[in-house]
Structure formats: C-alpha cells, structure tokens
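Take a look at this single chain, the form predicted alone, given in structure tokens.
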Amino acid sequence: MNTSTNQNLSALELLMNRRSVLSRNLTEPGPSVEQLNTILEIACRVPDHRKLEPWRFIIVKDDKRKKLGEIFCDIRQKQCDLSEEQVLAERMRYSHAPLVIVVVFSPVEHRTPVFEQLLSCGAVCQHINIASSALGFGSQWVTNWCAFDKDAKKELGLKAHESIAGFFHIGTPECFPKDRARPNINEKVTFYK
C-alpha cells in the first residue's frame, strides 16, 4: 500500500465501508440545519462540465414527510388497487427517516450533452450518500414508481424537462446491514492493448 503523506486513510475507510441503510431502519436524530447544509455543499462539489449545475434539491422533513406520503398514496390508489398493507406502506413511505432529499435532474439547454449533465447529477447523488455517512448518518437512495409518475412530479413542482434522480432518506441507523457481495474486479476490468 502506498504510504505517501497525501493519503487520507479515514476517507478511504469511509468509501470502502459505506453501504445503504433501508429507510425503515433510519430514525431520529436526523441532520441538523448545519449538517444538512454541509451535505448539500458537498453534494455540489462534483464534476460539472461548463458549470451548468443541472440539478436542484427539494427538502422534505417534519410533518411534510407524512403529507407527501399521503398525497402520493392517493395518486397511487387512483392508478391501481392496493391492499391495506400497501396503502399503509405508501402512506408511511417518507415517515421513517427524519429527512428526505429529493434530487431533481434539471438539464440545461446547452452544447454540453445532456448525458454529461446526467452523469454530473448522478455524482451529486452519490456525494449525498458519502457526506451523510461521513457525518455519522445512514442513507438510502431510492426511486420507486413516484420518481417516474407525472402526478407525483407535478406535486413536487417539477418542470416539464425535469426528472427525479432519487429520494434520499437520511437518519440515524437503528442497525447496520451486512455488506453485500461486491463485483469481482478481475471480471470488470480490461486493459487497452
């Protein structure tokens, strides 16, 4: 292992051990206002070709989490039959973790390809996970049906060209999941000849 003084072992350890915690296993306390600002500032420190900032955030916390779950449940019930268990799950979807950050992909009309802008937004998303872990919180990045539903997007105030990159549930883990199997690097890497 390289032992140069430029190495940040705590950052490497964080990256090697970070994993998602199911939203139902996240509880109070959640990030303070200052910690939320730190998460968002770190989220924005990503590669962003031509500084277009093709993303924005919607913060859902406190009693607004329950309100959003109920509205989304009503939308879903109009679309399909739900069992009582499914209705309860939909209503509680945002009530477990004390904080939900909705990352909105908001591409800019520009010569920078939309695909590059999308990759930048994806980096924003992962920075939210990493920053949350660094602050001692657990997080889960999810989409589900509501990320792709026109009525759900309308409720969140998205414009026609925008989409939801993810809902980030953040809070204090009640338990830590076991690590899952990771890719075999030898099967994923080739060297250009």
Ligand SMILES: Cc1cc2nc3c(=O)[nH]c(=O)nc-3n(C[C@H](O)[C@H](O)[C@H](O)COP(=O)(O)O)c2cc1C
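Start at 1 with the first residue shown and count on from there. Predicted model only: the values in this text are computed from it and were never measured.
Missing here is the form predicted in complex with this ligand; even so, the following discussion is about that form.
Visitor: Would you please decide whether Asn37 lies within 4.5 angstroms of this ligand in the predicted complex, comparing each non-hydrogen atom pair?
Guide: No, Asn37 stays farther than 4.5 Å from this ligand in the predicted complex.
Visitor: Taking this ligand as it sits in the predicted complex, is Ser20 near enough to touch it, meaning that at least one heavy atom pair lies within 4.5 angstroms?
Guide: It does: once this ligand is placed as it appears in the predicted complex, Ser20 has a heavy atom within 4.5 Å of it.
Visitor: With the cut-off set at 4.5 Å between non-hydrogen atoms, does Thr27 touch this ligand in the predicted complex?
Guide: Contact with this ligand, no.
Visitor: Looking at the partner-bound form in the predicted complex, is Ile59 within 4.5 Å of this ligand by any heavy atom?
Guide: No.
Visitor: If we take heavy atoms and a 4.5 Å cut-off, which stretch out of 138-146, 49-57, 152-160, 63-71 is in contact with this ligand in the predicted complex?
Guide: Going by heavy atoms within 4.5 Å, the stretch is 138-146.
Visitor: Sequence order please: the residues of 158-193 with a heavy atom within 4.5 Å of this ligand in the predicted complex.
Guide: Ala165, Arg180, Arg182, in sequence order.
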